[in-house]
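In structure tokens, one chain follows: the form predicted alone.
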Amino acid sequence: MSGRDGRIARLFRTWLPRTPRESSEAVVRNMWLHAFPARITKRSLSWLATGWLGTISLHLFLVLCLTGVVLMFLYVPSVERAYSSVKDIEYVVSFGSWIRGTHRVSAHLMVIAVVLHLVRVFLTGAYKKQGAPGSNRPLNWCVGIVLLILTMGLSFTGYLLPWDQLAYWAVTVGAQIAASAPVIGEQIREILLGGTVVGQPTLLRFYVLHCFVLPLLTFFLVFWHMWRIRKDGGLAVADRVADDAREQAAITPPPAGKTYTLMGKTQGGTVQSSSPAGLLQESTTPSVPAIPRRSTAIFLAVLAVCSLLGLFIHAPLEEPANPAVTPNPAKAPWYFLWLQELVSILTFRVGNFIVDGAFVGGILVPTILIGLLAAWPFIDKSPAAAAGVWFHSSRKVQNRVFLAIILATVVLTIIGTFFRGPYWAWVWPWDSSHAHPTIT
């Protein structure tokens, strides 16, 4: 083999190892693969175990970044030129409509994928403080909740950038809900808008948040989230492999060791360090090329789906933003419509007292839900055997409560999207007699 061929072979040996030893060396020598353990349980690679929803969410974020960089070169963040620049992207720039549509579809799918990922983790009890000694899965669960909030923030800040009627009034509705927070509501609204109304300071703040601040925070937390999975001894489903190994071998696991990665020192052992060598070979497989190959296939599938949907589902662009003309109804983005519907439902009169639905439905309820999600790993008293198991019998009640909350959120979103018309009155989706007037 010539020198050049040898260098090429060494380059691809990391990604396509031929022996178990080369698989282990690939993890150590390659910076991009160093976050992976040398071996991974076959259950962790199963589609049924996780649905690979976390990987899908990450790849959707990458598609958003790729398309967003292109759009940044064409967009002008000023109230005078923002709408016309988006219009040029849509109708003048070659493939501009497709790129914008792909970006929008990816944003919506990322919200859905992150929510489904959170649902999967809850229903499998994967947030429980089990696994390797020194692990802290509840912390990683909280990191995931923050990532969900950042995902919503990314979509919301990008919603204003077209500077059309849909974007302008959706952000106005969101700012009004934020202003209903007690004591600091008005201050939050002014910080968010850069003043008392949606204008140039608002557009500039949303642009910086959408293109720099929130993506940077998301990148940091995503890599921390992935590092925490390694630090916590792998996915929760791997705990069952370790339990099986201990039962079959009737041994006590060895003292916790330490592994080292480019990202830092990892406390605690893993399923590999506490399992007999025979069972290890049967229940695990080298991480390389299994994980890179699967991840690449998922990325290509995500890119293909988003690209195809971007061809047929065009991003909307309504009339230019006009503060003097109010759409009726003015709706928040779809992922916040459940809050807007709650605001409507919880605004009612009790004698001479009017319940402030904006505070109760828009601030209090979501705050309580986020607090409950963050505290749930410490409330959950189900046994260790429930971690990593779908719908474990010991978690029936909490799974039903959680699914009821998710179902209620979905139903409220559907009602707000399809069954609310002018003045937020109930309308049937197929009834075209209800015009959507504007208020001037």
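Numbers follow the displayed sequence, beginning with 1. Just so it is clear, the structure is predicted and the values come from calculations on it, not from any experiment.
One more form of this protein should be noted, the form predicted together with a small molecule, which is absent from this view; the next part is about it.
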Of these, A321, L160, A332, A236, which has a heavy atom no more than 4.5 Å from the small molecule in the model of the complex? A236
Of the options R120, R205, H103, R189, which one has a non-hydrogen atom that comes within 4.5 Å of the small molecule in the model of the complex? R120
Check, residue by residue, if G54, R137 and I145 all come within 4.5 Å of the small molecule in the model of the complex, counting heavy atoms only. yes
Taking the partner as it appears in the model of the complex, which of 57 to 65, 378 to 386, 391 to 399, 406 to 414 has residues with heavy atoms within 4.5 Å of the small molecule? 57 to 65
If you check in the model of the complex, is T284 within 4.5 Å of the small molecule, heavy atoms only? no
Contact test in the model of the complex: T41 vs the small molecule, heavy atoms, 4.5 Å: no
So in the model of the complex, does any heavy atom of W141 sit within 4.5 Å of the small molecule? yes
Does H108 make contact with the small molecule in the model of the complex, using a 4.5 Å heavy atom cut-off? no
